[in-house]
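Just one chain is shown here, as structure tokens, and it is the form predicted alone.
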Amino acid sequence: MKVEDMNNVLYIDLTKKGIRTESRRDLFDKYLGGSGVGIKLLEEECPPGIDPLGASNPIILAVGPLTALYPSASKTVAMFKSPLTGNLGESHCGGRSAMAIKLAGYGAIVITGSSDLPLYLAIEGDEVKFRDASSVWNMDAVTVGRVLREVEPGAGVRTIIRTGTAGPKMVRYACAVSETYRHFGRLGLGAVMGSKKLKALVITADKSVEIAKQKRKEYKRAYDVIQNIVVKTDAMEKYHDLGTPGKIYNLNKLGGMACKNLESARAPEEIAREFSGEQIAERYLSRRISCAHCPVGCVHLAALRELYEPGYYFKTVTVPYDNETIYSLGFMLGMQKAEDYLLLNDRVDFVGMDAISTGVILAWATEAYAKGLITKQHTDGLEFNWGDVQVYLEAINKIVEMPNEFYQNLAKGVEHASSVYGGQDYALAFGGNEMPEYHTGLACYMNNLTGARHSHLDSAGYDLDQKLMGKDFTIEGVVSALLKEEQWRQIPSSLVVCFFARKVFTPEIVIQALDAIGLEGWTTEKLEDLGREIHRAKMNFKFREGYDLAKLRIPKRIFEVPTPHGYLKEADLRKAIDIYGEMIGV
């Protein structure tokens, strides 16, 4: 398979059980891949105003030109209309998904329609099979992966993207799981799969990429430059050693860690040490794993021994952990022990829900329970109290099972639940998506409110806040810096490279890497122009689907707890939103 032939899009119609493959060089030549191609395919395939849980909502999976060719170009981008926010759904996932899609012969996969019966897709290169999924429909994410590994032939570069039990129940923040420890986490891809009666995709690669003979020396040079930066400098060292939890202790010390639904932004010293990356690594770290074609090993796995029957009957579970899940299922819920956080994280993975959304929703419910807005009659007998791991474990099950109206509302997210029961002042959602980790200042909340995905990775506002500590800055300067950063990030997310490697893939290295595989003519200016165009396309989709800067709800809680910059003022944040609107021309 030549580089220039990697522009095929596989179209799958679940309603008619039909497939077709089409070369879309028109898209890949202009938009590279990943987010760029994904948003254009979403524009084509998603009619305005559709129900996100209806058959008309497409699922787009897109990879990039660097996939399977360079280190850390390891992500798949999913695009869909989010059932959680009602506008753009974009989620990134590592593992083997990107390499499997690329080496199966596709730059993107478009899934439309809805099946009448539960099914999973077995994609084996050019062949696509529609398999009955009735027997695995209600299985958890781990078990269904094990089953499909046994029943589907093939090995090597293969990915199994599947839902847990939350997807088929259409929990609005259900995720899709890949290779057990990687996730399309945010914004509800699992719910969209559930609405389509699609349990899983098994994608088996059967091709390889051929570099043109005259380009092979250039390709090797470009490859070696990237590999050496990744493994022989400190550019990504921290992701290997402690992983993202390495920042936990210092962020808490700074006063930027949301605790107990942001009742405070700094946990007591003993709690901060209990949940620090160093402490968890010393007590629980069992191994590190990498996504395909990445040497870093940033995925940290904890080994947790559980007593499941009296008489010393133990089982050992392996749980992936990172800073965001430590925040949402640890600090936000007032947990006292890292072991209890790991139990919650394992349960969330088991059912297949986004860990950030789950933790924030349970934190809101705990505070609402304490304030009397909800009672044991709502909670089906559960008493929500900070740090009660057994209650939270049961509540996670009930969100999936939905035994009553209260849990049906929790399954729709904290924005919806708080609109029903009250407590919106402390319902920590931004643009409909639950709050990520950081309470660092103006930039992080501008990021959350205006970012295309309402993700901390849209423009890294948390990082900008920390860089600005002790310095003079203007609101205009903050907004301009955030917008510029988000526009550039459309390039790595179109290539598609891991955002952890964003400082490795500078414009100069991106151009060198593209030239070496025959994609010539790119310049820094062209890449920057493309980043702006892709970002605007995403925002246009959001505006089309009802996103309105003037109507953004801002939880009052974020103004009541000091950030490292002091108390945030609502007038300043509203002014920043207005400036952002002017800068993008709305």
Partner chain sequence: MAKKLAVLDVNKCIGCMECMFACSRRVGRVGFDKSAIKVRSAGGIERGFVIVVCRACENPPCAKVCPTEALRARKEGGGVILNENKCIGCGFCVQACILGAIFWDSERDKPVVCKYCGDCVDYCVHDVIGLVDVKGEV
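Residue numbers count along the first chain shown, from 1. Predicted model only: the values in this text are computed from it and were never measured.
Keep in mind the form predicted together with the partner chain is missing from the figure; the text below concerns it.
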Problem - Site check Lys169, Val389 and Ile399: each within 4.5 Å of the partner chain in the predicted bound form by heavy atom - result: no
Fill in the blank from the handout: Students should find that, of Gln279, Gln227, Thr375, Ser135, the residue having a non-hydrogen atom no more than 4.5 angstroms from the partner chain in the predicted bound form is Gln227
Exercise for the section: Consider the chain as shown here, without its partner, and state which of Ile109, Leu442, Ala141, Val296 has a heavy atom within 4.5 Å of the partner chain in the predicted bound form. Expected result: Val296
Practice task
Would you mind picking out the stretch of 490-498, 399-407, 425-433, 99-107 that comes within 4.5 angstroms of the partner chain in the predicted bound form, counting non-hydrogen atoms?
Solution key: 99-107
Handout entry: Any non-hydrogen atom of Ala516 within 4.5 angstroms of the partner chain in the predicted bound form
Key = no
Practice task
Classify Leu69 as contacting or not contacting the partner chain in the predicted bound form by the rule of any non-hydrogen atom within 4.5 angstroms, answering yes or no.
Solution key: yes
Practice task
Find out whether any non-hydrogen atom of Leu393 is located within 4.5 angstroms of the partner chain in the predicted bound form, and reply yes or no.
Solution key: no
Problem - 4.5 Å heavy atom contact, Tyr223 and the partner chain in the predicted bound form - result: yes
Practice task
Scan 154-180 and write down, in order along the chain, each residue with a heavy atom lying within 4.5 Å of the partner chain in the predicted bound form.
Solution key: Ala155, Gly156, Val157, Glu179
